[in-house]
Ligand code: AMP
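Encoded as structure tokens, the following chain is the form predicted alone, with no partner shown.
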Amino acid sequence: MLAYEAALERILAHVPAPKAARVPLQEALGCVLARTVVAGADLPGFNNSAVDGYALCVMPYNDLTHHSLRLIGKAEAGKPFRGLVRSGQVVRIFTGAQLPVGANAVVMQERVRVSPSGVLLSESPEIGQHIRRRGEDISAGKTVLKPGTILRAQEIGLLAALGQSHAAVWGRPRVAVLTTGNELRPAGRSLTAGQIYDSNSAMLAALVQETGGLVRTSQTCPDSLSRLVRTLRSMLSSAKTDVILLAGGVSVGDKDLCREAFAKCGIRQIFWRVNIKPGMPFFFGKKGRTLIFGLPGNPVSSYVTFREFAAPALAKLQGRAWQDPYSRPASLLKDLHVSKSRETHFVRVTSQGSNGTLHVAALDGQGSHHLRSLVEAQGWMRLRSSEGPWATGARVLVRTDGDLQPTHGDSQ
């Protein structure tokens, strides 16, 4: 039985190199940039007004506050004034409008009085005031984004401003989800004796999306070897399947048929079983470029093994570096006992703070079927049973998955 660290290392070693893809900007959020982006044009692309006001030609040492200036036209965003502005003339201009030829300053409309005889200024403008210069933000030929950049809304906005409709990124992994079990029924259907709703398919699909992957198909299969083999072969035959997530049927019971089905489909077993709790009966295999994860059927075990093993693989497929998420220091609020039967334990916790220190306590209901505590968990501990005992006040590292908000007290 593999140790947790060895299992993760083997998985990451078998993840193939990511594939480059050119995607529309509307689909690029959260993707990792695959190529350098060089500005093909200046930004802004022309001199334009930063305010609503009047564009004019300012001559050095010429005080214009005592002169009536002649209004000769209007410049709007997208509708430039086509004439030439000379000394003693002004053009009404609006924010973002192209600066007319000959104009070298803009006066805000609040500093101007318009009368039938002309335009009067309440201040003498300086050359260049309220003008956004061409290329002052980004000049053509400049590197603006580097490979490895995770595209946020602001990067996508920049690409759009540079006229790019698509982005060259590392593609999102395409995932097939398969849940197994005679007892499973889809949500919304009525149940008969011994049946349960299939929660894993919905949860795993959400986890895939949360990790940046794309769920291409989601199916449920009964405990039938022939049906499992047919379904797996269909998933494997698609060139668009990068990852198969199968939940249930990977242990040693009479109805645990998945490992036999994997073998019949030519899937190479990399390892089976990991020395963790929950999630010990975990399978990882590969066929060609396709990664196959056999997750336990209990929902918490399925959740944990996805987060700890499948999620890092999906991240690497997208060109993301994996970092150990168990990094926030905390102290235990009460004694905690973990079984020696497993080396590594993943424990759901709740939290509170005092004096800038985070304190955590294990939630009641740590069973692999306890969905309530999965929802209530504010974070997770990863503990080695060999490093205990875990007494009150012991220092631990917590996975927060964002900001771990204490339930009361000091939130720092």
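Quick caveat: nothing in here was measured; it's all calculated off a predicted structure. Residue positions are given as counts along the sequence shown, with the first one as 1.
Missing here is the form predicted in complex with the named molecule; even so, the following discussion is about that form.
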| message | Can you tell me which of 90-98, 77-85, 138-146, 173-181 lies within 4.5 Å of the named molecule in the predicted complex, counting heavy atoms only? | response | 173-181
| field | Answer option from Pro312, Gly319, Pro299, Pro125, heavy atom within 4.5 Å of the named molecule in the predicted complex | value | Pro299
| task | Could you spot which one of Ser199, Ser234, Thr217, Gln209 gets a heavy atom to within 4.5 Å of the named molecule in the predicted complex? | result | Ser199
| query | Given that the partner is absent here, does Glu155 sit within 4.5 Å of the named molecule in the predicted complex, heavy atoms only? | reply | no
| Taking heavy atoms only, is Gly248 within 4.5 angstroms of the named molecule in the predicted complex? | yes
